[in-house]
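Next up is one chain by itself, shown in structure tokens, the form predicted on its own.
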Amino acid sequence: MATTLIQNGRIITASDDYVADVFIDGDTVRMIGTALPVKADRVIDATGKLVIPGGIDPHVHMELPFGGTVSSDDFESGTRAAAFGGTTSIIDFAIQYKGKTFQQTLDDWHAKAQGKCAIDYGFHLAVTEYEAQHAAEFAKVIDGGVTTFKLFLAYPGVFMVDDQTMFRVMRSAGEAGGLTLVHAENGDAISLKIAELMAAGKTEPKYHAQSRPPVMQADGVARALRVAEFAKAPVFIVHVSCEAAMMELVRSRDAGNPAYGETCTQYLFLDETEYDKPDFEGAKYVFTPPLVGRENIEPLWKGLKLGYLQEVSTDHCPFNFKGQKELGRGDFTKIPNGGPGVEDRLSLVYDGAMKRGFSLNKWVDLCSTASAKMFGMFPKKGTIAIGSDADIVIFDPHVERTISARTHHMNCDYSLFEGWRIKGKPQTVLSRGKVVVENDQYTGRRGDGKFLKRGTCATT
């Protein structure tokens, strides 16, 4: 197997900060030290650069059918874009449609992803039905390396589950060493509000946000947490967008419950004024939960710093403005929900975190290590240590760049952050020891990525 030596880089993990060399044999880190007495097939000089574990985005949707169309990144283009951004592992969502067993659902998603991915990938199982006949499958799913389960408290009649299903899933997942993820809103109340807005002729993109305000997210989070407490099971709230929802997590965890959550890059930088853009441009920002008032941004950053929230994902689910988002002209309910983001997460969080006085260690934790631990991948993923997978990013903290759809690699005709000038960029990206991105060029191959068979979730 090929060997690689990364020399003189500043190695940053969630706990360490030192200058050293890293010797990689095949797909594994074998030695770390100074002036290592080894020869390698390839030597990479990382002087003046940060050497960090590859990013992990645990919340993406590739090839997701939604609203009569399909998200514009498939597993090939989406994972390649992720690699350009310094992300070397993703977790997608295998969504159970009515009448499907758990295994049939996973088989469907494996068929979509297998042989396409540029980086390693795993699945959360999104459960929409859980009756007695499904119970025997739970252990099989866990044994197959899918240890996390998603529930929707939104989209009634499509994905939304009732409280009995939520309780069953949480209890079964907790007993098996797994973790339940919840998209938490009050789906029924939101559905009624949507109907009222439509009846009043309020059809523009901004009414998507008005139909599901922060109080409805906070309500859903509170209910999910209470049911998890009753089930004596850990719970993870996805895409927390507002302070009110975050503080429900703080309440539960302060009471001694294993309650965790994430936010996403869009909620850390953007606010509801994006919906006021003319010429239907506000549709680009239609995703769920929607953007909220700007007063929530700094509390979310504070929550990340203090540990109220554990990591930053993207909820990457892109739809082109032309031909896809435009399906909702004249009816905001028909705008496909989602936006692009997987490529820019690592750099955006670096730029924002450094401006707010975060440590480099905390940045790495938020973008890699916390997810590796939470979702059963640590220490193979999420750190640079002897025996870990050689998922490594050589990151230039000094270079500045402008984000633009003209230069990104996501298969989407717009960027949520078009024209933003940020500092910090991945220079070289290794996935299990293989250089897949170097100097803005993709050097990997379709199908390089492997399925991640994940273990017990670290929720204590």
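Predicted, not measured: the structure shown is a model, and the values here were computed from it. Each residue number is its position in the shown sequence, starting from 1.
As for the form predicted in complex with a small molecule, it is not shown, yet the points below apply to it.
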Open item on the list: Using a 4.5 Å heavy atom cut-off, which of 98-106, 140-148, 384-392, 315-323 contacts the small molecule in the model of the complex?
Closed with: 315-323
TODO: Indicate whether the candidate residues Ser211, Lys284 and Phe332 are all in contact with the small molecule in the model of the complex, with contact defined as any heavy atom within 4.5 Å.
DONE: no
Open item on the list: If the cut-off is 4.5 angstroms on heavy atoms, which of these, Tyr350, Tyr275, Tyr260, Phe152, is the one near the small molecule in the model of the complex?
Closed with: Phe152
TODO: Report the residue, out of Arg345, Arg80, His183, Lys373, that has at least one non-hydrogen atom within 4.5 angstroms of the small molecule in the model of the complex.
DONE: His183
Open item on the list: Is it the case that His239, even though its partner is missing from this view, gets within 4.5 Å of the small molecule in the model of the complex, heavy atoms only?
Closed with: yes
Open item on the list: I'd like to check something about Asn337: if you look in the model of the complex, is any of its heavy atoms closer than or equal to 4.5 Å to a heavy atom of the small molecule?
Closed with: yes
Open item on the list: I'd like to check something about Thr288: if you look in the model of the complex, is any of its heavy atoms closer than or equal to 4.5 Å to a heavy atom of the small molecule?
Closed with: yes
- [ ] Would you please decide whether Trp420 lies within 4.5 angstroms of the small molecule in the model of the complex, comparing each non-hydrogen atom pair?
- [x] no
